[in-house]
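What follows is one chain in structure tokens, specifically the form predicted on its own.
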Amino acid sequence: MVSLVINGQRISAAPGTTILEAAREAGIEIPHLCYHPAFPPVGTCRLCAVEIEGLPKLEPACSTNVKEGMVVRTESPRVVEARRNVLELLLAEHAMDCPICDKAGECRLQDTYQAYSLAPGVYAEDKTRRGKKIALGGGLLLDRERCVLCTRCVRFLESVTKTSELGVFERGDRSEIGCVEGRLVDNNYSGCLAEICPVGAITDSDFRFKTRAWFLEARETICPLCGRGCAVFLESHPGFPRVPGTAKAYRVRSRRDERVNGHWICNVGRYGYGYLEKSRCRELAGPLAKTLNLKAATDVVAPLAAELRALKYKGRQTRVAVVLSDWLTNEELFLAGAVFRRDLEIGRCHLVGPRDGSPDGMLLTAERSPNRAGAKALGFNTEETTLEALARDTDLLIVFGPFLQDRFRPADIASAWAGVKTKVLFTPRDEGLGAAFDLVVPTVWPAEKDGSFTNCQGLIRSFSPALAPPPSAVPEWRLLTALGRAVGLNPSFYIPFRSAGDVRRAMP
């Protein structure tokens, strides 16, 4: 390790580490625009210039490696004055439209100006007029008046996607970002450009003018839209206390995880969060809910447990079929195995998830389920089944998840299962599938509960709720725990489980 001093604080860093990275690891933030840890440094913005003892001029922290005994000052009067001068030049041609810019509140240029300058403009000349709404493709819009030519977007397309749709054109103060040979940005990671843009030059039509960044709560979770399980932030508006149901997810951003997705996420994960609101199952439904006068999701446990017990005591558990989802967490699959396979000795437990898609050769996998690897590890059969096989000699059919309708039409499901005596569906979404069931119970999406997934690399990763579920919806692990107790075949096993963490600790 290399020992150096930054702002009077002695720190250690690995050889080859830049001053900016070493300072960040020590909790010292050095302002920058062009630097990004995923790309080689270019040192174009000059905001990260620092004073190094023994050197005659300021050096860029993003491209200067640490050395033994180095003494660095990041906030000396000389450094602060240099940053003010850089800001003056950047803002000389920068559009002063912060009140209407989508990046306001999370703009690096705005933050640096507030920290180091707050100086009024000194130029009497008009700013140069440039293009304001240039379509780049992929729902992205470029505002050249806001661009600071950090070239993050260009370097991303050159080194990450290797598609090189953008470049820097012209020279000097006429330099601008544009599409190469008229090509639009067309790749599965285009949404990353708006995220890595340090200012409001590239904005995303998916988020543009919908809300303000400071109204959003960003919480860590895992993307469930493919087997990779990328680390993400789900950003949502908490809603208004006097207006129920106003909480809403507005954006998904990447969260750095070098083991899984590095700095990036694909467009499927970034823009696919609409499922969180689409056709939510918000209350108990179906004929049985009215017949049994059920009011809440947990009221379902007692009658369902009674029917399962009766079939077990009569030796008719072979007439029970269970369909699980590979969107269930490891904890929920473990509980389902304990209740249905171990205690009730039900052999007909199947797994159904969304249909596979096409991989993109980078992060997006063919399987569009977050926990198929976890289901396999827990011993569940992932081979496809048929509607006829599920209906054959079945008196009670229990289904978790909405994904049967991704594989079969609701009308075909209703027709094939017409002879099944009791059909129960636990689902967070109902787009017509519930009409084929006698009882529909609202549950939650992965982002609304805690648990863990096993991704396609075999990594087991825990997550916490990132979004508040509808009041009527209940996590499946709670229902399964209550069902295991109510069935009464092994009640002491389920007593310790008061949280998903308790279940996780009990898993082998």
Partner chain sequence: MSHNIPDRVKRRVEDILSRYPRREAALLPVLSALQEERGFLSHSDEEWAADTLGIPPAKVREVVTFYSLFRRKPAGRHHLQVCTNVSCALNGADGLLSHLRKKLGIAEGETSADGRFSLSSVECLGHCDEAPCLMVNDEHYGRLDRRALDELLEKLE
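Positions refer to the first chain, counted from 1. All values reported here derive from a predicted model rather than from experimental measurement.
Just so you know, the form predicted together with the partner chain exists too; it's not on screen, but the next bit is about it.
Engineer: Taking heavy atoms and a 4.5 Å cut-off, does residue 143 contact the partner chain in the predicted bound form?
Structural biologist: No, residue 143 sits far enough from the partner chain in the predicted bound form that none of its heavy atoms falls within 4.5 Å.
Engineer: Residue-level question: is residue 383 within 4.5 Å of the partner chain in the predicted bound form, judged on heavy atoms?
Structural biologist: Judged by the heavy-atom cut-off of 4.5 Å, residue 383 is well away from the partner chain in the predicted bound form.
Engineer: Using a 4.5 Å heavy atom cut-off, state whether residue 272 contacts the partner chain in the predicted bound form.
Structural biologist: Answer no; every heavy atom of residue 272 is more than 4.5 Å from the partner chain in the predicted bound form.
Engineer: Hey, in the predicted bound form, is residue 196 touching the partner chain, heavy atoms inside 4.5 Å?
Structural biologist: No, residue 196 stays farther than 4.5 Å from the partner chain in the predicted bound form.
Engineer: Here the chain is shown alone; which of 137, 303, 167, 359 has a heavy atom within 4.5 Å of the partner chain in the predicted bound form?
Structural biologist: Selected residue: 167.
Engineer: Which listed residue (183, 355, 421, 314) meets the criterion of a heavy atom within 4.5 Å of the partner chain in the predicted bound form?
Structural biologist: By the 4.5 Å criterion, the partner-contacting residue is 183.
Engineer: Choose one stretch from 290-298, 427-435, 173-181, 96-104: the one whose residues place a heavy atom within 4.5 angstroms of the partner chain in the predicted bound form.
Structural biologist: Flagged stretch: 173-181.
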